[in-house]
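The data below hold one chain only, encoded as structure tokens and taken in the form predicted alone.
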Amino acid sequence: MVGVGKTQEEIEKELAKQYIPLSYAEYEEALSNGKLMGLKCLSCNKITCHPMPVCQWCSGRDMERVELSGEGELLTFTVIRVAPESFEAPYIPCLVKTKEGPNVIGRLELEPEQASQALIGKRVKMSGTYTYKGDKFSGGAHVCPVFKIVEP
């Protein structure tokens, strides 16, 4: 039984071991090595990405790590010209619907002057990662996937 007579730290370690097959730190480490990882739910067979303690589709807890293709469709994006603290503008955050199903937030590898609504729906592929320093609101540095348009 989880939690009886244990410290908060012991409970968190036990929960992490039992229910989180992919931590956010491991997700970012995989990104740094060029891999986009997700979690396949053993109940509904759908993929959750970024890592969560439960399936984003059915709330199932039995999940296993899977490597995603890094391919998908550009759902939307925006051009940031006035960056928040610790970020450098301009840049293009985007939302990609991956080939495997889940939507992933990343950056679009494109000159901001080339961005237009005509890009929505284009095929994209993960081309690398970007590490942002973070600020007082984000809890430090984090890694995100970078996508490039593969369809003219």
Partner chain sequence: MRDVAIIGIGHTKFGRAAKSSLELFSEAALQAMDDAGVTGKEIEALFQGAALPGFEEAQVMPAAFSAAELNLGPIPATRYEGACASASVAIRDAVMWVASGDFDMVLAGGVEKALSMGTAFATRTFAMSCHSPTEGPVGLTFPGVFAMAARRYAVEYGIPLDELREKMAYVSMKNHKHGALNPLAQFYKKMGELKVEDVLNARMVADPLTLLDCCPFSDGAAALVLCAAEDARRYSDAPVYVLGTGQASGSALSKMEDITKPVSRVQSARMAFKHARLEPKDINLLEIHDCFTIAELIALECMGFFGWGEAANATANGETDIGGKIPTNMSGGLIGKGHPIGATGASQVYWIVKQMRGEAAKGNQVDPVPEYGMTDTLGGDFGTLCHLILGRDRR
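Remember, predicted model here, so these are calculated numbers, not experimental data. Positions refer to the first chain, counted from 1. If you superpose the two forms and keep the largest set of C-alpha atoms that fall within 1.5 Å, you have the rigid core.
Below: the form predicted together with its partner chain, not depicted.
- Put simply, Thr98 is far from its partner chain in the predicted complex: not one heavy atom of it is within 4.5 Å.
- Within this chain, Gly34 is remote from the site of its partner chain in the predicted complex, having no heavy atom within 4.5 Å.
- Although the partner is absent here, Val104 lies within 4.5 Å of its partner chain in the predicted complex, judged by heavy atoms.
- With a 4.5 Å cutoff on heavy atoms, Lys125 does not count as touching its partner chain in the predicted complex; it lies far away.
- Contacts of stretch 106 to 145 with its partner chain in the predicted complex, defined by any heavy atom lying within 4.5 Å, are made by Gly106, Arg107, Ala115, Ser116, Gln117, Ile120, Tyr130, Tyr132, Asp135, Phe137, Ser138, His142, Val143, Cys144, listed in sequence order.
- Once both forms are fitted on their rigid core, the CA atom of Gly140 lies 2 Å or more apart between the shown form and the other one.
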